[in-house]
Structures are given as C-alpha cells and as structure tokens.
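This document starts with one chain, in the form predicted on its own, laid out as structure tokens.
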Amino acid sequence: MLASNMAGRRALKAVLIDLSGTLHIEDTAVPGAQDALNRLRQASVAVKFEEEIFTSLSAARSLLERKQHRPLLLVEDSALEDFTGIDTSEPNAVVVGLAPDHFNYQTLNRAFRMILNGAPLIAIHKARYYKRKDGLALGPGPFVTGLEYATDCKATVVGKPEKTFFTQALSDLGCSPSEAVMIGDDARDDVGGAQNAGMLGILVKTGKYRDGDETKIDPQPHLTCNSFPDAVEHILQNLL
C-alpha cells in the first residue's frame, strides 16, 4: 500500500515562494502567511524565496559583464547599486527593469534609437503588472514589448518566466525540477514559468491574481487556492 502510494507522489525537496503578492503586498503581510511559513520550515523541505528583483538583477549584471556591455539602465534608483562598478559611459546596451521614473517618451526614445543602431535589449523580467496597495500597476513588460515592437527585435529576458531563472534557483538548492514546487500570484510568470521548467506550480488568489487567471496557461496550475496558507496546507498534506 505504502509503495503504490509513494509511486504517485513526488519526493518533494524544495518550495520556491514568490514574495510580492504571495506573502505580502507592499509592507502588509498576507493574513496567516507567517504561521504557514513557520509550519513549512518545520517540514523536511528546503524553502527559497524568489525575491524576483535581486536574482534577476544579478543575472542581468553577470550578462553585462560577460558581454562587456555598457548599459543604459532603465531601473529604479534602489536597483542601481546592483550595477555599481559597471561602466555606463557611452552605453551600447539597454537594460529595462521596473522604472516608473524613467518610462517617459525621451528616455524610451533614446533606448529605441540605441536598439535600432544594434544595441541589445535586456529585460530584467516582462511582468505585465503587479499589485500595489492602491491597486494594480504597470510592470516593465509593456515597455519591453513596446521597444520590441518598435525595433522589430526580441529582448533577452533574464528573470521569470525564463527557464534558466528557475533552474538556477534549484541548482543553488541542489535539487531537480521534479523535486520542487513554486507558489506565486502570477499565473504566467510564476506558475507557468515553473511548470515549463518541470516543476509543480501553485497559484494563489492574492496579489495580482484576477478571476480566470488559472485558465490562461496550459497546462493549468497543479492547484489554485485562496492564499499562501492554503497552499502550504496542500503541500504538507499531499506532497510530503
């Protein structure tokens, strides 16, 4: 009985958790998230937080160093320190992250002209939107896509939903995609990206979630649940 039971289960070793929209919205925690996280940490599974911005920024930085690019950085001021020491004089590459202060006509037009002249376009990620306290807000995705459309070129994306983003996170933990599950509020980038990389994906109905998001990806999420505590409950009951 035990053997056949185990055959249908994965040997789960790691849980990747998206932070913004899943555990918190700006500086407000999702109700019950801390208790659920404590329960998960007591189980025999590695927990890794996908603070999208940091892992993606370091991936962008290493790409710039490898190619010896000098970037025009369309990123928030708080992200600039991740590029300290990188030469930005006479830029020959465009890096786009979340940068509300830089998404104006003049800056985007400068980026457009550079890309037309052969500069590569590098995207931190292509999220369509994210959740703030005052409602949904545009992510970098629309601006990256606009530059792609105008220049007829494709961006190199270093963050979610790229497969390498997830495989790198898992290699840090020493486990394979079949041994991991991702919990997030973004059906395409969190759940779809994880499942394309061979993981299970659990979609939570907090943060940026909107009705019907689970039907926008194929295959659909392993599970769609109300919030992070419900996702943890499912993992503890059914996946460990």
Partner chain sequence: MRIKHFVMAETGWPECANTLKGVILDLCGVLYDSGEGDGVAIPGSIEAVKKLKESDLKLRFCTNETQAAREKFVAKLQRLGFDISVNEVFPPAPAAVGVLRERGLRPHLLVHDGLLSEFDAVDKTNPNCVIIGDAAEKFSYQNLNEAFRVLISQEKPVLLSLGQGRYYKETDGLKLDVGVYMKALEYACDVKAEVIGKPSPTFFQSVLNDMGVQPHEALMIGDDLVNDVGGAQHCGMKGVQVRTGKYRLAIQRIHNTNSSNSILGQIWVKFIMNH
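Please read all numbers here as calculations on a predicted model, not as lab measurements. Residue numbers count along the first chain shown, from 1.
As for the form predicted in complex with the partner chain, it is not shown, yet the points below apply to it.
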Query raised in the report: Using heavy atoms and a 4.5 Å limit, would one call residue 109 a contact residue for the partner chain in the predicted bound form?
Result: yes
Query raised in the report: Would residue 150 show up as a contact with the partner chain in the predicted bound form if we use heavy atoms at 4.5 Å?
Result: yes
Query raised in the report: Any of the heavy atoms of residue 86 lying within 4.5 Å of the partner chain in the predicted bound form?
Result: no
Requested in this report: Mark residue 80 yes when one of its heavy atoms lies within 4.5 Å of a heavy atom of the partner chain in the predicted bound form, and no otherwise.
Outcome: no
Query raised in the report: Which of 68-76, 165-173, 86-94, 116-124 has heavy atoms within 4.5 Å of the partner chain in the predicted bound form?
Result: 116-124
Query raised in the report: Since the partner is left out here, which residues of 72-110 would have a heavy atom within 4.5 Å of the partner chain in the predicted bound form?
Result: 100, 103, 104, 105, 106, 108, 109
